[in-house]
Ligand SMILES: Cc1cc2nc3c(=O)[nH]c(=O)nc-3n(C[C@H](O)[C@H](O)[C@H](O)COP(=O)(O)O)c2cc1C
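One chain comes next, on its own, written out as structure tokens in the form predicted alone.
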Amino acid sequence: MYNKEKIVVNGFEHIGYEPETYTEEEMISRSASFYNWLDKRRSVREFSDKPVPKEIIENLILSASTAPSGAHKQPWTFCAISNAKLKSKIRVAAEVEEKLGYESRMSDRWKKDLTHLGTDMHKPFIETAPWIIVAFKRVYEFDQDGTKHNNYYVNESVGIACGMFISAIHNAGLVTLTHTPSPMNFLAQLLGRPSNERAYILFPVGYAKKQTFVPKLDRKKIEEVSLFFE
């Protein structure tokens, strides 16, 4: 993948890179296979409490961190929580926000659109799943001398990293869902995060509960999600 060739660009060392290549037939086969595998992924709300080794979670976070980011600032922090007491506190705080959301913040149309998913204000998966991973976006940084500077394309960068995180979870044989109680300020407070970090998505991660059921959904067809200009 990398070779011994080196050059200097704008005073910075660049190393040789040789991407893997395939025949056109192999590319078609690999792209179809990857799609068919990824199409099996589903958001799951029923978790087993079966433990998941910390090393797996570390590998998932490292996989997410291979994502591209604005100026390669990698503006994310993934907080991994397995402590039962802390998960309970997170659930209580999340359900407070969810209750307010369902009772006063969410429009009737929004709640109607969620009906077929079977969601409600109760989030037992936060306590049941062996791991809760909270992705934080780092809006700005401080230099060693205390100088503040903004990061670039933060939402885009963290969004890509979270997408890769979800794919890595699926690849490991685990399940997750994206949970975004609004507002999410309580997560920074409970986890003692600094002022430059804002909660982005909460992911419960673990094994699916036996006899898990998910909504019967249809994904949009290629002509509904794309346009080709040939």
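One-based numbering along the sequence shown. Note that the structure is a prediction, hence the values are computed from the model and not measured.
Just so it is clear, the following notes concern the form predicted in complex with the named molecule, a form of the same protein that is not shown.
My question is simply whether R198 lines the interface with the named molecule in the predicted bound form - judged by any non-hydrogen atom within 4.5 Å.
No, no contact at 4.5 Å.
Even though the named molecule is not shown here, does K221 get within 4.5 Å of it in the predicted bound form, heavy atoms only?
Output for K221 is no: heavy atoms all beyond 4.5 Å of the named molecule.
Even though the named molecule is not shown here, does M121 get within 4.5 Å of it in the predicted bound form, heavy atoms only?
Looking in the predicted bound form, residue contacts with the named molecule do not include M121, since no heavy atom lies within 4.5 Å.
Do R42 and the named molecule share at least one heavy atom pair within 4.5 Å in the predicted bound form?
Yes - in the predicted bound form, heavy atoms of R42 and the named molecule come within 4.5 Å of each other.
Determine which one of 138-146, 111-119, 76-84, 156-164 lies within 4.5 Å of the named molecule in the predicted bound form, judging by heavy atom distances; exactly one does.
Single hit among the candidates: 111-119.
Check each of T180, S63, N185, N171 and return the one that places a heavy atom within 4.5 angstroms of the named molecule in the predicted bound form.
Only one option qualifies, and that one is T180.
For 131-169: residues with a non-hydrogen atom within 4.5 angstroms of the named molecule in the predicted bound form?
Read in sequence order, no residue approaches the named molecule (within 4.5 Å, in the predicted bound form).
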